[in-house]
Ligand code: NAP
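Before any questions on binding or motion, here is one chain by itself as structure tokens, the form predicted on its own.
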């Protein structure tokens, strides 16, 4: 099966590279054409100048796009050009409602759809270590599993369409809490005059250890916030989570606090930094 990748952000580039390495990548498309042309040369694949041509040529179309509106716009273009039997795998983070709407649009032309958001950050995308949470038809998942395995270390089937996105929402809310806890605790540690590299090392090996502490702790204590996962993108994801929670009449105080903190960071010009930039707000003023 030959695949096309639509969306060459930090995550998309890593995933496209792994598809190319495994021999599955037919071509790439990006809204910024210069970027797509550059990566097509690097990956020795076709550079598509429009979505319709990519959709017509490929058996599987992968999406890695930022917003719900953009996902639905791309899906409409795919639906008009792709042949019946094509499989669309959306690895973006969008709402359950958007996933279900995309599936319904594509089903009109006998095009299958999987919502398959990922976790693992830029490092995971680059090193094929992503965790994929998949919703849709399990038989369709089985067909594309070899391609997904080229990009990930674990693929979890979560249920019908939208289940992948609902699971990713849980992940994003939990990531917000971990970010709050780690940045607050490390800020506290610095006020105690501790060797923070040693603190991070010892705590990473205990009950409070976690991926974020291990991978972002050493850089945040040096006030380095290279993404990673951008503040603005997590803010976008948590806004989706808030909308989903409101539909169930749920109140999520930690989510609300993180949204406000991220909004403050964005207002200060730090929206393109890694979410560990929350540490900026936690530190004691000098």
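Not measured: the values here are computed from a predicted model. Positions refer to the first chain, counted from 1.
Just so it is clear, the following notes concern the form predicted in complex with the named molecule, a form of the same protein that is not shown.
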### Task
Work out which of the listed stretches, 192-200, 103-111, 146-154, 117-125, brings a heavy atom within 4.5 angstroms of the named molecule in the predicted bound form.
117-125
### Task
Identify whether the named molecule in the predicted bound form is within 4.5 Å of every residue in the set 163, 243 and 255, based on non-hydrogen atoms.
no
### Task
Please run the contact check for residue 22 against the named molecule in the predicted bound form: heavy atoms, 4.5 angstroms, yes or no?
no
### Query
Is residue 271 close enough to the named molecule in the predicted bound form to count, meaning some heavy atom within 4.5 Å?
no
### Query
At the 4.5 Å heavy atom threshold, is residue 183 in contact with the named molecule in the predicted bound form?
no
### Query
Quick one: does residue 229 come within 4.5 Å of the named molecule in the predicted bound form, counting heavy atoms only?
yes
### Query
Heavy atom within 4.5 Å of the named molecule in the predicted bound form: which of 221, 259, 40, 233?
233
### Task
Counting only non-hydrogen atoms and a 4.5 Å cut-off, give the residues of 5-19 close to the named molecule in the predicted bound form.
7, 8, 9, 10, 11, 12
